[in-house]
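This document opens with one chain alone, in structure tokens, the form predicted alone.
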């Protein structure tokens, strides 16, 4: 499987990132371990999480996903084979991108992950209350100390991403090597309007979240009657419209021609556009399905059909 570079970081990954938001939430420990094992066995390596996962769940406080991944890393002893990407700034317990918060948060994440370094440490969202110079220097210190290999951004607009790059270059400090935006067949405009060009010009790798639009692009939500199929079902109303159904019809057609699933085609389409989409799985069966996307070859005609349906 051809690996793809994460910007200029020197880190390369296979073209699929496993979303860790489900670990310790909708996937218990045995299930989480089985999914992580299967992901690695399929030839992938990059796992994305955040300190805030899964603070939104009643009874949870945050850090559950990192803790689960840390237990798995300790049990399996495969740290050198894994690319761990986690995030700081969005958790109410450790909010923002001040130097003090970044340095406190990274220690907490390292402890939960049971590792002495993080491969890609990401700003979960922008923080315009803190000078970008302060944030850049804090990240620079972590890289110099060996606690972080590379840094990335999530939920930044093009102007702030570019200014952060300029600040880092002027100070001779590490720059953002990855961007994690919202991007999928349904949600295209926000990324394609300005961010896509900025990432291309700056050689920033793109690892978008919600690659399957919270599950809508798997094709399992065709009517309101399907909303009860999962905990995410109640959020499907925004996708279930004429455009969403047109996208599903195009996915159905392309998938049928390839003997593939809608989820595989949706992720394979993303792989033609960006570095590696993020997708999560709550079972080994789901993991094997999404893993198949990396082995799917979409023709230019298939890509054009999906482009047109989702335009």
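Positions refer to the first chain, counted from 1. Every value quoted in this text rests on a predicted model; they were computed, and no experiment measured them.
This next part talks about the form predicted in complex with a small molecule, which is not shown.
This chain is drawn without the small molecule; in the predicted bound form, the residue among 220, 111, 78, 103 with a heavy atom within 4.5 Å of it is 220. Scanning 302, 13, 22, 294 against the small molecule in the predicted bound form with a 4.5 Å heavy atom cut-off leaves one residue, 22. Only one listed stretch (251-259, 274-282, 36-44, 66-74) carries heavy atoms within 4.5 Å of the small molecule in the predicted bound form, and that stretch is 274-282. At a distance threshold of 4.5 angstroms between non-hydrogen atoms, residue 148 is out of contact with the small molecule in the predicted bound form. Interface membership of residue 212, defined by any non-hydrogen atom within 4.5 Å of the small molecule in the predicted bound form, is confirmed. In the predicted bound form, at least one heavy atom of residue 286 sits within 4.5 Å of a heavy atom of the small molecule. Contact annotation: residue 87 falls within 4.5 Å of the small molecule in the predicted bound form, judged by heavy atom distances.
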